[in-house]
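In the block that follows, a single chain appears as structure tokens, in the form predicted on its own.
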Amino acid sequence: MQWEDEGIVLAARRHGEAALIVQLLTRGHGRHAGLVRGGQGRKLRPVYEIGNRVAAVWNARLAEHLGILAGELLRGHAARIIEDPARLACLAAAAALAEASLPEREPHPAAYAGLSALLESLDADRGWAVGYVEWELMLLAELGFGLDLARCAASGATTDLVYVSPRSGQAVSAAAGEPYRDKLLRLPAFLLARTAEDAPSPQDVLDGLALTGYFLDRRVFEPHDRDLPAARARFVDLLERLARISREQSL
């Protein structure tokens, strides 16, 4: 068995004295693992940094085997953001969430395209926090748990949508949700429409993360008695600290 594909490194873990077990998100073969012989060496270890894009070749005697993976670096995303803790935390969260949530060896081209777009925004240092929230929203849809944000669940209205029902995952208008506002999740406007002239605030991003995190937890992880990845929690904590500092400096 053999395939060749383009992939994004999600994780690389030591195996024995010299090898790595690498998890990739590939364009055509989904999340896929493989053994990289000599992967801990100085020549190969930089190739398999989290977030790097590689041209991968996978070989195994049988399809169900772990298989041997060989990769050629196409783009070293990790090195471009190594000195920025916030962007590194974003990358780590995205990679950990993809590894933990996507089923193994099932193609998910939308997830691959979305993660690729997020990596580009991290490289450019532009719009990556918003892009991360949008990626999580897309990931929910790709896993079969997409949210319905097109119209109000109670009235059918398509305007003034500011909440999401935690039970149904449907949008709720300000008027319909007012009596239950303490029980509803906030819906930041940038998840409905985003323009360059109206950039989301740090609190908008945190509201978006609270929204997607709630449904990822309840619909993807909790049914399997698992928690959201720790890397995601660290990313959210960092954004909360940065938002708090920003508020204090503006006083």
Partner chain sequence: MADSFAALIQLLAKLPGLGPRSARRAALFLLKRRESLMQPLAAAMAEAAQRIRACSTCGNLDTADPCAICADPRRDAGLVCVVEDVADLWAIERTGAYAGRYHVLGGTLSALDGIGPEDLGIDALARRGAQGVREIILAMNATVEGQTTAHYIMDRLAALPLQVSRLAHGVPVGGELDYLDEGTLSAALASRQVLKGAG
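Residue numbers count along the first chain shown, from 1. Source: prediction; values computed, not measured.
Beyond what is shown, the protein has a form predicted together with the partner chain; the following relates to that form.
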Candidate site Ala11, Leu74 and Pro85: all three near the partner chain in the predicted complex by heavy atom within 4.5 Å: yes
Candidate from Ile50, Leu191, Val220, Leu185 lying within 4.5 Å of the partner chain in the predicted complex - any heavy atom: Ile50
Among the candidates Ala153, Leu137, Leu161, Ala96, the residue which, in the predicted complex, approaches the partner chain to within 4.5 Å (heavy atoms): Ala96
The partner chain in the predicted complex: contacting segment from 105-113, 164-172, 77-85, 124-132, heavy atom within 4.5 Å: 77-85
4.5 Å heavy atom contact, His15 to the partner chain in the predicted complex: no
Ala231 within 4.5 Å of the partner chain in the predicted complex, heavy atoms: yes
Ala19: touches the partner chain in the predicted complex, heavy atom cutoff 4.5 angstroms: no
Any non-hydrogen atom of Leu238 within 4.5 angstroms of the partner chain in the predicted complex: yes
